[in-house]
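Okay, here we've got a single chain as structure tokens, the form predicted on its own, with questions on binding and movement later.
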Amino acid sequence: MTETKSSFAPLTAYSPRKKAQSFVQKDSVVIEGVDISGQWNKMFDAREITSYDLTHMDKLTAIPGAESMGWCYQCAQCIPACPVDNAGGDYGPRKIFRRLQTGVDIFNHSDMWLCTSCQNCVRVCPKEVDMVQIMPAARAAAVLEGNVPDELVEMFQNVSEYGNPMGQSARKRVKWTRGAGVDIRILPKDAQPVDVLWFVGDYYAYHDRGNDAAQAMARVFSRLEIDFGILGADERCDGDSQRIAGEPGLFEELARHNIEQFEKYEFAKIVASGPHAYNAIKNEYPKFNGGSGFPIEHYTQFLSQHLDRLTPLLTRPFAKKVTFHDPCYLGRHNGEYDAPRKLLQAVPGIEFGEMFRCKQQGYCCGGGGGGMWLDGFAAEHQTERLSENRVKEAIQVGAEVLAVCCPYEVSRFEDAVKSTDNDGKLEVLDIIEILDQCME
């Protein structure tokens, strides 16, 4: 019988391993005259967590809409996408999940109020952990428990009592129309059918810089011979930010009121000044009027369909370097990236360039999800405001003008220009203001 030789090396005799050396933690360690005492000694203690207190995790995931928080598997793709973490907030779904896992009561924690609902984490999450659903549901529970920042309490009270977050009288909602220089039909006084019911919004109606944009919009509509009307004093806050900030009951009250006003008049479509109103009327209001909804467009969508008539009216050059900030609620939430850019590219003499973070990867201004009224609270938990981070990026790409199309953003970015010492270097303008300036 032929002996078969193995191609492997011959086995060596088995010998048991030496017993592993044990380590002892010492209070004081000096090696060759160097004191290396310190935390490194503790590295030999067991550091893994072997038991978890899931009380608050279970409380959160039991709330309808917040179930997906339990789906996180700690891949951390959300963290670099989170604008709050990027601004030094130590934040993001993965970090919130870990805190919940280790027994942190999120219902009494700052994490509850820092999310801006920008949807960038949802964009990258492989497990579909949806903070845009989680946070409003969790906040609603926190509001019922009375765990609400004072800034939000004041805003909720103003909206509930006056129909707007500024706490201004409804009668003042049309005051801005006096400076527009064109006729504006106020439907409660003249109920004839119109092509466009313009939902003006709180910041266009009440804020000084919003007034500038509202007046510009009225002039542009007039020059385009758009047949439009507004609700005037009968319009109330769209409620979208209040819903996300934890007041679904207040949102429903506002939605039902505005729907009742819409149903009084004949119109072909609603045009909203702001992305938040656009999102609310398009995606949330149908829940309260039998699901039928209303035909609605953001003003950039509406005007971009009239470029054949608009472009010949833009006769005055705007020879400046311009970049554009994508609003989260127009872009990621509703998929509209082209309409604002079409309008800007139609402006004569403009030098348009993108920021590093744009379109789907666009950065957040910090105003969404209730953040518009939480700057003081956020300042305690972030190293900078999101709007400041964004202004620095606009400066970095060499822009002279930061163009926006959300009523929240002009005031937010103008404040950030000042606080980052860029006053005089960067101008913040609503796209509608640029179009108005280019018309004779």
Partner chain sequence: MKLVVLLKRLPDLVEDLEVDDSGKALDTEFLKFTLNEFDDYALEEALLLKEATDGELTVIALDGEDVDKMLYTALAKGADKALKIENAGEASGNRGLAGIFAKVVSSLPHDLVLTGVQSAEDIDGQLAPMVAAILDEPCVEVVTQVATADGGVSIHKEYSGGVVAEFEIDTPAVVGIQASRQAPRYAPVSKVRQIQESTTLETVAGSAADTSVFTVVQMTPPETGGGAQMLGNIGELIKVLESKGVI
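This structure is a prediction, so every number in the text was calculated from the model and none was measured. Residue numbers count along the first chain shown, from 1.
Just so it is clear, the following notes concern the form predicted together with the partner chain, a form of the same protein that is not shown.
Undergrad: What I'd like checked is whether 156, 169 and 252 together line the partner chain in the predicted bound form, meaning each has a non-hydrogen atom within 4.5 Å of it.
TA: Every residue of the spot touches the partner chain in the predicted bound form.
Undergrad: What stretch, of 77-85, 171-179, 222-230, 121-129, brings heavy atoms to within 4.5 Å of the partner chain in the predicted bound form?
TA: Heavy atoms within 4.5 Å of the partner chain in the predicted bound form occur in 171-179.
Undergrad: Does residue 162 reach the partner chain in the predicted bound form, with heavy atoms at most 4.5 Å apart?
TA: Within the cut-off, so yes.
Undergrad: Even though the partner chain is not shown here, does residue 72 get within 4.5 Å of it in the predicted bound form, heavy atoms only?
TA: Flag for residue 72 set to no.
Undergrad: My question is simply whether residue 346 lines the interface with the partner chain in the predicted bound form - judged by any non-hydrogen atom within 4.5 Å.
TA: Residue-level check for residue 346: no, no contact with the partner chain.
Undergrad: Given that the partner chain is not shown alongside this chain, does residue 240 nevertheless sit within 4.5 Å of it in the predicted bound form, heavy atom to heavy atom?
TA: Looking in the predicted bound form, residue contacts with the partner chain do not include residue 240, since no heavy atom lies within 4.5 Å.
Undergrad: Quick check on this chain: which one of 144, 259, 307, 268 has a heavy atom within 4.5 Å of the partner chain in the predicted bound form?
TA: So the residue touching the partner chain in the predicted bound form, by this definition, is 144.
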